[in-house]
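Look below for two forms of one protein chain, each set out as structure tokens: first structure 1, then structure 2.
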Structure 1
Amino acid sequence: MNIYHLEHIRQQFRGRVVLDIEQLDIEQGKIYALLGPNGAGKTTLLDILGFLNHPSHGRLYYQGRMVDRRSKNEILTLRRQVVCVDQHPIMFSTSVYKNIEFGLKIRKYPSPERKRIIDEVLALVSLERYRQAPAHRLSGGETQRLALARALALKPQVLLCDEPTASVDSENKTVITGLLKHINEELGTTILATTHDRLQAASLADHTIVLENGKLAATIYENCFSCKVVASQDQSISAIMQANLSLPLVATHAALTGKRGRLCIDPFAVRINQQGHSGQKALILDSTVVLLMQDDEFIRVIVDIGVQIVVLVPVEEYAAINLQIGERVQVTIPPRAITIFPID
């Protein structure tokens, strides 16, 4: 069952289209990672899904019913079912306990019920010993865990997280990722989390949504990097990506020379340890396997070629290569796997 269905959603800001989605379905009880560069429309989409902003055009359905943006009572009811957790949550300068209690008081929960719920969510995020501590003095990771506890106390159907691990250390990043999985599995909460971390998205989410210039990009474009296109000495065209990784491209990109853009590598077209598929102009790069996981009928393989990229290998093909994490492999990237989107 889909908890959200979007049709022809468009959002404009000062005459500029910042979000343009023809159709999008979000399944109930699943975790979605929302990927894309800054300015791609991720936060705009979260605001629409959280009923904080109305789209300029289009229809939004929630649990099978079209949302009537003219009905203030309906919007208020829906906002009680969807809770947003910001990247930098603001805490009241009171105790951890009272920060969680505030929303429950607003919703008129009786005192014994408030105490029971607060005890439960503090235990869930492992902050029991901080219940009387000043919330505004917690560390970044503890603050993010408190924000999750504060949201979960309201028993939302949907949890929208904007970069939940962007401002925390690696230890708390692991803890928060584990919490989101636990919340989804134990409570059945639908979760959408924005992130720039493709490795985290692959390990956390059931599905990945990729936005590029306000539009949905096919999953083949999930390997996207900032780049600058330059001419090389052998008259081919190269894209200098982040981490100074240079990828030679076919000459059809010559018109982009000197411009900045987004370079995308099709994960279905990349091959691992298959020399016979290389082709005359294909790139053959040494790499290391970083992560392996099932993704429907594919095995998602994340390899490090200087930057980390995703390779989607059909299950039947994967049996022949039998990879291990940490294994050194050769990655073949044919020219057809590389696309550049110019940045306006």
Structure 2
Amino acid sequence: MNIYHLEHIRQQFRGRVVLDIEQLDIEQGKIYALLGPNGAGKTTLLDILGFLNHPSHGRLYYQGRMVDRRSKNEILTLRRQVVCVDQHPIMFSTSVYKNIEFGLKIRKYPSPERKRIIDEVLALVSLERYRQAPAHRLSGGETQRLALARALALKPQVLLCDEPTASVDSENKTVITGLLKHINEELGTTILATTHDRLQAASLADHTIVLENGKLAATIYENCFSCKVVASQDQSISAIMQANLSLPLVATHAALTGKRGRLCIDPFAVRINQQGHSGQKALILDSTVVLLMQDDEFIRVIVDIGVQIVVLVPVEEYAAINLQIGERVQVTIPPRAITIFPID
């Protein structure tokens, strides 16, 4: 069952379209990773899903019912089922206990019940010893955990996390990732978390949503770079990326000449030390293997072609090419592996 269904959702700020989604379904009880570069519209989408902002256009369905943005009572009721946790959560300038108690008091939980829930969630995030401590004095990781506890105490149907591990150390990152999994498994809470970390998204989420320039993108958010499409004197076109790296493009991208965009290279389509399929004008580049790591049934190979790109090689294929870190290899990028999203 879908908990959210979005139709033609568009959000505009001062005439500028920052989010434009034709259709999106979010399944109940699943974890979704929302990937995309800065300014892609991730937080805007979270604010709409959290009923904190109304979209400028379109229809939003929650648990099968269309959300009526004009009904303040309905919005408040829905908002009490969905909690957003910020990238840098802010704590009310009072104790840890009272911070968690705020949402419970609003919902008119009786005092003994509030105490029981607060003790429970504090134990879950291992912050029991800070029960009466001033909440705004906690460290970044502890604050993030407290923000999760504050949200969990309310037993939300949906938890929306804006880059929950972006500003914490690796130890807290593991704790928070584990907590999100635990919440999803034990309480069946639907979780939608934005992240830049493709690896974290893969390990945490059941589904991945990628936003590019406010629109849903059919990429897996690997190897995405800012670029400018330029044409040379001989009419051949190429994408100029960071550090003046020039990547030749096929004629189908000619319409983008002179425009800025985001260039994505499909990591599954790139080949290492192998020829492309016949008939394709594949781009062959010399590169160096920088990093090797296992990612389920793939080996994640990071190669340096002037910028570092990820190549996902199936395990059985990897056995045949057997790469070493530092090894010089030839990378073959077929034209179909390159997608460019223009930036308006």
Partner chain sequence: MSYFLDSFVAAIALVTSLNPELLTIVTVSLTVSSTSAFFATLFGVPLGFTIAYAQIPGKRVIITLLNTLLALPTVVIGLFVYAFISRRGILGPLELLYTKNAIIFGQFILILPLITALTIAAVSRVDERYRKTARTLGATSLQTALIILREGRFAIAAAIISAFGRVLSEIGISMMLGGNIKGFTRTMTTAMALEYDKGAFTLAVALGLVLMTLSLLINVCFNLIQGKGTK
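For residue numbers, the reference is structure 1: its sequence is counted from 1. The term rigid core refers to the most C-alpha atoms you can superpose between the two forms while keeping them within 1.5 Å. In this text, all values refer to a predicted model and were calculated from it rather than measured experimentally.
Of the two forms shown, the one predicted alone is structure 1, not structure 2. In the core-superposed comparison between structures 1 and 2, G29 has its Cα shifted by less than 2 Å. V331 is among the residues whose C-alpha shifts by 2 Å or more between structures 1 and 2 once the rigid core is aligned. Taking the rigid core as fixed, one finds a CA shift for I321 of 2 Å or more between structures 1 and 2.
Core fit done between structures 1 and 2; CA of I305 shifted by 8.9 Å. Superposed on the core, the two forms differ at F268, whose C-alpha moves 4.1 Å between structures 1 and 2.
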